[in-house]
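In structure tokens, one chain follows: the form predicted on its own.
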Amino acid sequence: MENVEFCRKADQLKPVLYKEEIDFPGSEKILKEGEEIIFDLGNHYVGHVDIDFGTVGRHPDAPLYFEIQFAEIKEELSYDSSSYHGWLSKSWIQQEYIHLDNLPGSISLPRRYAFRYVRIRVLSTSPNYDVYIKGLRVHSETSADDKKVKRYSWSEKDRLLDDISIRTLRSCMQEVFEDGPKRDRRLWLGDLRLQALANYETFQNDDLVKRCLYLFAGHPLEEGRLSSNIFLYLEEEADDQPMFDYALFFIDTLWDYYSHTGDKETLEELYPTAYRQFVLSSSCIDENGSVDEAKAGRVFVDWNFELDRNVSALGIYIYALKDLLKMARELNKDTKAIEDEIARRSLDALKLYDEREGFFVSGEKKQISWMSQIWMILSGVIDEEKGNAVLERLSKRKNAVGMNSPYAYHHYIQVLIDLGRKEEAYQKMHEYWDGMIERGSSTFWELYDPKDPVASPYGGLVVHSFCHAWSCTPAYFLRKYFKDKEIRD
């Protein structure tokens, strides 16, 4: 199913990585067998690491055997990795056991890591010598051009929020927009959509967005459905597990790209791929507006295992079709099928509104959730007045299923802005993302639940991503909607 021409175009857009060597001082602390030292490098880095060991005592007569662990937040270092039994592979844990034969000497670690903290623990030397760390060198890598980023005269808390958002995006910008540089290191469509929005307002690497669009279009699955993600190494390959909402977000990402760049040639070339997602997705929705995940692939929406996703999925479908309609009109395509489907599914959506409850209800249990309301409002099936009324009731509803990730909170902030509640959006944005800042983080996380800050969907925080693509969008919101300083005075 590979589209050779699209893959060729993606390959031509492969970026040159900006590489920087940063030297960090070591420590005079002598490390005997069983002792350790932790280095806080002060910020998040993605790249390779060299370590220079010195020795004290007699001539080293045996190799140094040591453990090294890299961590994005300090709490990772207190987690016993041997106790991790989650559903993701332990091989993602950034921990190595290494022999160094020749001392004093240096070692260059072959893997790429994502980290702020480095812990080195001596496992064995010999009675004749001990070691110390003379220094560390980080070979940082990114495709983000820092010179492109425009700064604004914001308050100190806005600058801090923006800096950490940018650092998060920067770390995830490699040969593609990775979901997280610590774990997965793949191109995911849901993440790409939000990264691209933040990129347009910051690093302005439009070719990287274009490359990612062509990678997805160049590696379709059966019948032309797009995968949720692309493996990059050693060869590019689409994951064989599609996701209903992520496939649809190709439409929105392409439209956002065109809206920002005016690149009509790319729009024309990739429009058939976008339209194909509409055709395939429409066949997976029944007469009641419910998505058949067996046919469509699972629906993500948020990292919340309690969430019934039916209403959200329908909202995302309508939302995406409205961007597809804009594309079709821009390219003078026949729009009737799209218009008819939007009208039909909007009526289906309104049937899911419970007048007595005052909410959209999802699934057989008629679940009331934040994401159901958010996606129905974003889809435009109700007007601004009714949308505001729904949010007011929702804020007082104690048992509504909530949001767990920055990915979900992005859409909540966008809804508030769309409904004319900019000041509330600004406050909620800070309230949520500042929680991660207050925990000392230098990047933003894959999942952050203020009620359970170390929660992870994987069964252990040691494999959790604490620098994750979809959490970078405060940089987008600040630049697009909050340049007017009056809203914060």
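Numbering starts at 1 and follows the sequence shown. This one's a predicted model, so the numbers in the text were calculated from it and none came from an experiment.
What follows is about the form predicted together with another copy of the chain, which we do not show.
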(message) So in the model of the complex, is another copy of the chain close enough to Asp240 to count as touching (4.5 Å, heavy atoms)?
(response) yes
(message) Residue-level question: is Leu234 within 4.5 Å of another copy of the chain in the model of the complex, judged on heavy atoms?
(response) yes
(request) Verify the contact flag for Tyr97: yes if a non-hydrogen atom of it lies within 4.5 Å of a non-hydrogen atom of another copy of the chain in the model of the complex, no if not. (result) yes
(request) Consider Tyr132 of the chain shown here, and say whether it contacts another copy of the chain in the model of the complex, taking contact as heavy atoms within 4.5 Å. (result) no
(request) Mind telling me which stretch in 362-370, 124-132, 253-261, 287-295 gets its heavy atoms within 4.5 Å of another copy of the chain in the model of the complex? (result) 124-132
(message) When another copy of the chain is placed as it is in the model of the complex, are Ser282, Arg344 and Asp354 each within 4.5 Å of it, taking any non-hydrogen atom of the residue?
(response) no
(request) Report the residue, out of Arg111, Arg151, Lys396, Lys147, that has at least one non-hydrogen atom within 4.5 angstroms of another copy of the chain in the model of the complex. (result) Arg111
(request) Could you tell me which one of Trp92, Tyr200, Trp303, Tyr271 places a heavy atom within 4.5 Å of another copy of the chain in the model of the complex? (result) Trp92
(message) Do any residues of 49-63 have a non-hydrogen atom within 4.5 angstroms of another copy of the chain in the model of the complex? If so, which ones, in sequence order?
(response) Arg58, His59, Pro60, Asp61, Ala62, Pro63
